[in-house]
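The chain below stands alone and is given in structure tokens; this is the form predicted alone.
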């Protein structure tokens, strides 16, 4: 099923992101974890591609397994900056052969030491055009409510996002954020700029405070004082931090639904217990 058809429904939708293994040794462990999350019956799941395409060989396999074994629609990430056009077409062929019909089109991180002059792709909109011309896929894109860390300013960021949508993105999924007002302000600016495709709100339940500070440093995501106080108070107690992190994410999700955001995507980090608790906390709200 096409993701655009899922998120255009009137009811609230909830989806989860998982990531493939970095090595073949971990394949079965990751496969089991992703199946357990899929058994919670989210509206769809996304499978990441890995920094620099490092896990690209496993993304189609994990995506196919989820879809075939559980029937949950899958959104496969695809990044382009470290790939040639031939390599991208091979990935598209592989995804099509495995029955995957949804792609999140991404630039990806430029590998250290790689010259930009020799890249076939420099921006996500170029990959988006390539996928659209290839045909047969529902295409999503990423967006940054607090602007991409490489953008000159928020105005340029929206301008580049419009290029991505015009190239063929049918929906957008946001980078994580910890203050819902950041998203509401972003949506106002995006709509004003003529970006009218559905936007899926990305939420991350924080269970590991050390990793979140590193991730936020890379992505440019701000941590509100209210959240920082939670981390300072419970960060040294893993069980308390998990409970507090899930509660904070749950509160964000409920507020988003209450304010008319119909689609929420949870960065579940391959943790079935976290995904299950989120669903339990909002079961009546997203009742199918």
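Numbering follows the first chain given and starts at 1. Predicted model only: the values in this text are computed from it and were never measured.
As for the form predicted together with ligand FAD, it is not shown, yet the points below apply to it.
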To test your reading of this chain, name the stretch in 83-91, 203-211, 180-188, 161-169 whose heavy atoms come within 4.5 Å of ligand FAD in the model of the complex. 161-169
Can all three of 15, 41 and 62 be found with a heavy atom no more than 4.5 Å from ligand FAD in the model of the complex? no
Heavy atom to heavy atom, is residue 120 within 4.5 Å of ligand FAD in the model of the complex? no
Evaluate residue 137 for contact with ligand FAD in the model of the complex, applying a 4.5 angstroms cut-off between non-hydrogen atoms, and reply yes or no. no
I'd like to know whether residue 48 contacts ligand FAD in the model of the complex, with contact meaning heavy atoms within 4.5 angstroms. yes
Does at least one non-hydrogen atom of residue 101 fall within 4.5 angstroms of ligand FAD in the model of the complex? no
Suppose contact means any heavy atom within 4.5 Å; which members of 90-106 contact ligand FAD in the model of the complex? 104, 105, 106
